[in-house]
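The chain below stands alone, shown as structure tokens; this is the form predicted alone.
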């Protein structure tokens, strides 16, 4: 009698990510209880399934991991373009946030971002924004996986009075969400320039005691590093090391300004780095030395950052930009191959977030976080290597199906856990309100 499973998916190709660079043709994957039971060629898997999918023109791969972003900021998309980072923050974004950001804004904005990410193949995202309880509820309702890092800043804002209040509220949220299987709550210190060293020391102590993740913007621009040295005599990375934050639970975001010694320090402390190439390009922040960090063995993931500065939440765009930037900045067309870029957007991001044993590759025992991409259209013909199309050909709009922990969240590009009409109506209503202010 054939083994019984919940879901059986057949596809033209399957890219498991582990083993590296493998492409299985005529592949099938079986799921039971939300986990992968078997992966391989179709004629090698003999099971009986409650639900079966035949996707004959598709490639299956692990869902993308968007390792850094500010989801609700999608409601500011296109409001402030072509500005330098500090002016963008001081003159546009921070005043906008003061005027508009509340529970409803974050809930509606996060739902819009989740809808966009799901339609582009993201099954796990990391978020750092005000009113994280609203973002967490949106993620739970939509059914995808999330790391919620509650924001910590020293100045008063619409969500908190100061850094201590941020930490108090965030720890309470962490307790409230303990039972949510697809959510992780961690610390989100914004940056060294928006916090005092004593705040960072307190975060380091809590993170160690709780074994909780910490995500921080660090070495994003030359000006950030230069200003820190001028004002404090200390570079941001050195401060983070001094207060005890460097280590396996820390995720540093951007890291465009690094010396060889910095890279050695990150590798020695097993500190993760999240690369946000599209955002860094648009804001002219710099180019992270990804090739050097990869050679040093640093855990690396990819993130979109917020759509207010990136304008999009597609991990395929990030893979493309990351690969091309690595090639041109090193004057070497072999740097960050298509598979290497795919690894950053899947298993690399999972490992950076501490989830490498759970997601990021299609191997038995892992969670069934899977996407299917239709490669039948003319723009993706011919198909010699599906991995090439994932990175070098724009096909995010061809993600057709998405499962998270075995639960089908999108079928034939129709979202099953979000009301697309309602999400769009809320976004248009916010745009009308903000544009009239």
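Positions refer to the first chain, counted from 1. Quick caveat: nothing in here was measured; it's all calculated off a predicted structure.
A second form of this protein, the form predicted in complex with another copy of the chain, is not displayed here; the remarks below concern that form.
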Subject >> Partner contact for residue 376 in the model of the complex: another copy of the chain, 4.5 angstroms, heavy atom >> reply: yes
Original post:
Would residue 242 show up as a contact with another copy of the chain in the model of the complex if we use heavy atoms at 4.5 Å?
Top reply: no
Subject >> Residue contact check: residue 332 to another copy of the chain in the model of the complex, 4.5 Å heavy atom >> reply: yes
Subject >> residue 76, heavy atom within 4.5 angstroms of another copy of the chain in the model of the complex >> reply: yes
Original post:
Only one of 182, 317, 137, 169 has a non-hydrogen atom within 4.5 angstroms of another copy of the chain in the model of the complex; which is it?
Top reply: 317
Original post:
With another copy of the chain left out of view, which of 282, 107, 190, 154 would have a heavy atom within 4.5 Å of it in the model of the complex?
Top reply: 282
Original post:
Which single stretch, out of 266-274, 337-345, 204-212, 170-178, brings residue heavy atoms within 4.5 Å of another copy of the chain in the model of the complex?
Top reply: 337-345
**OP:** Give, in sequence order, every residue of 96-120 that has a heavy atom within 4.5 Å of another copy of the chain in the model of the complex, or say none if there are no such residues.
**Re:** 112, 115, 116, 119
